[in-house]
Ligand SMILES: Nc1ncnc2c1ncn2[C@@H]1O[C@H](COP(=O)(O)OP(=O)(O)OP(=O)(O)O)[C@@H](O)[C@H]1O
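What follows is a single chain, given as structure tokens, in the form predicted alone.
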């Protein structure tokens, strides 16, 4: 079956409608998002691209339940993450989401293996099982790096450890915020290849924030933002059109 058709048959894992975010600094209001509408299917790899200040990082933080919107609806995997109580949002992040940031955020005193195992224990219940864990480590090229501390790893290796930590419990959604921003071109490509393989081999749903069109081209769909708005709405309608044909 064509992968586009296969994805079109799946459920929406992200449903965002008229999402607005206004930051208030004293009496001054600064709009960051101005009525964003986005849907993402299970198993999609979507890049949200735009220049600094366009609202893409704010959008990612809202999807991750790290911020509350000023207005609008944001459902992630069936949970109204925008209006849910803090306790629900926290538990949802622990059990259902993975995060990869530009900075690797590894604990420097722990080995790569211990960084991953700590995430496995704190943020989930070992849903992958030992075989699944080894498969992920092999995919990421980390099977021989488990005893190394972050200072003994290259930047690309550290980011791959961060990716492993984020997906080790098979999250419903992986959010990646400029995951190659601190890497050279070779290591950037390795990390992007890993994200593609996680998406294609394991069906991992990924939303990646980037300002780089070359990085964005790794994804199966690009959503472009400017000034707090989505520009290419026609791309967001593509899967809805495919569904009508099925």
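What you see is a predicted model, and the numbers here were worked out from it, not measured in a lab. Numbering follows the first chain given and starts at 1.
There is another form of this protein, the form predicted in complex with the ligand, and it is not shown here; the text below is about that form.
For residue 57, a non-hydrogen atom is located within 4.5 Å of the ligand in the predicted bound form, even though that partner is not displayed. In the predicted bound form, at least one heavy atom of residue 178 sits within 4.5 Å of a heavy atom of the ligand. In the predicted bound form, none of the heavy atoms of residue 68 sits within 4.5 Å of a heavy atom of the ligand. Not displayed here, the ligand is kept clear of residue 185 by more than 4.5 Å at the level of heavy atoms in the predicted bound form. For the three marked residues, 92, 96 and 198, no heavy atom of any sits within 4.5 Å of the ligand in the predicted bound form. The stretch from 38-46, 185-193, 23-31, 198-206 that comes within 4.5 Å of the ligand in the predicted bound form, counting heavy atoms only, is 23-31.
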